[in-house]
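Shown here is one chain on its own, the form predicted on its own, set out as structure tokens.
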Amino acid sequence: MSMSRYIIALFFIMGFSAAGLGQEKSLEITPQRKRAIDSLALEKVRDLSRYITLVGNKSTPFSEAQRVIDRAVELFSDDAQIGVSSLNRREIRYFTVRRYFDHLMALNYDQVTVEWYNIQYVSDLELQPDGRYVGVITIFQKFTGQNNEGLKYEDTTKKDITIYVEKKQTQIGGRLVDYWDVWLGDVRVAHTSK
């Protein structure tokens, strides 16, 4: 998703009203705004899926992969981590977002395919004491790694992605306008299978 599409989506989420731009102090999310927030959150998750596919593809030039990694990092809250699992070990390892992508690029396969499917919200947004809303999106990830000798590794992982929704302000035409923004949080491994 391009930055201009994010900006357009954010303005839609703002929910301009004739009674005054953004002077609403309530932390309530209207059903219309909720649909827009859900749409933006799911779009960011789909963007993350595309970024993982690009970086995992061994034919992606290094400079393009670095650009994509920078874009992926922008989708997340500062302290977010991404879980990595394997059928070959019981331990689930968690990496910062940038380190996760570096790890993905360094995998010892000649071909890597990462597909995300069945992307869906599994929880309603819940208001937190700090004024942010938190929700969870669940995805299924199919990972395939193969080398030129024909050795192949495959697994399917269910992952839960924390979503943070926070009211922000910006200035438009000299007036403060409230809007809701969405960040991705931790990507937790729920289950890995063959």
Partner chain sequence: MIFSFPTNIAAVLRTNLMLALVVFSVAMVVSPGCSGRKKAEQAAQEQRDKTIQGALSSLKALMTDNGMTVPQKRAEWNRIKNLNLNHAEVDEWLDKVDAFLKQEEQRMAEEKLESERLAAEKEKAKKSFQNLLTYFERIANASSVDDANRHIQEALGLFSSAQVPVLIVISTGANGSKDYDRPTTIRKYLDYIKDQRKYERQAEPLKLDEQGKIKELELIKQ
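Here the rigid core means the biggest group of C-alpha atoms that line up within 1.5 Å when the two forms are laid on top of each other. Positions refer to the first chain, counted from 1. Model, not experiment: these values are computed from the prediction.
There is also a form predicted in complex with the partner chain; it is not shown, and the following applies to it.
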> Thinking of Leu40, Arg46 and Tyr179 as one candidate spot, does the partner chain come within 4.5 Å of a heavy atom in every one of them in the model of the complex?
Replying inline: yes
> Taking heavy atoms only, is Arg132 within 4.5 angstroms of the partner chain in the model of the complex?
Replying inline: no
>> Residue-level question: is Glu64 within 4.5 Å of the partner chain in the model of the complex, judged on heavy atoms?
In response: yes
>> Can you tell me whether Val68 touches the partner chain? I mean in the model of the complex, with a 4.5 angstroms heavy atom cut-off.
In response: yes
> Does Leu54 make contact with the partner chain in the model of the complex, using a 4.5 Å heavy atom cut-off?
Replying inline: yes
> Based on heavy atom distances of at most 4.5 Å to the partner chain in the model of the complex, which listed stretch, 96-104, 110-118, 70-78, 83-91, is the contact stretch?
Replying inline: 70-78
> Can we say the CA of Asp186 moves by at least 2 Å between this form and the one not shown when the core is superposed?
Replying inline: no
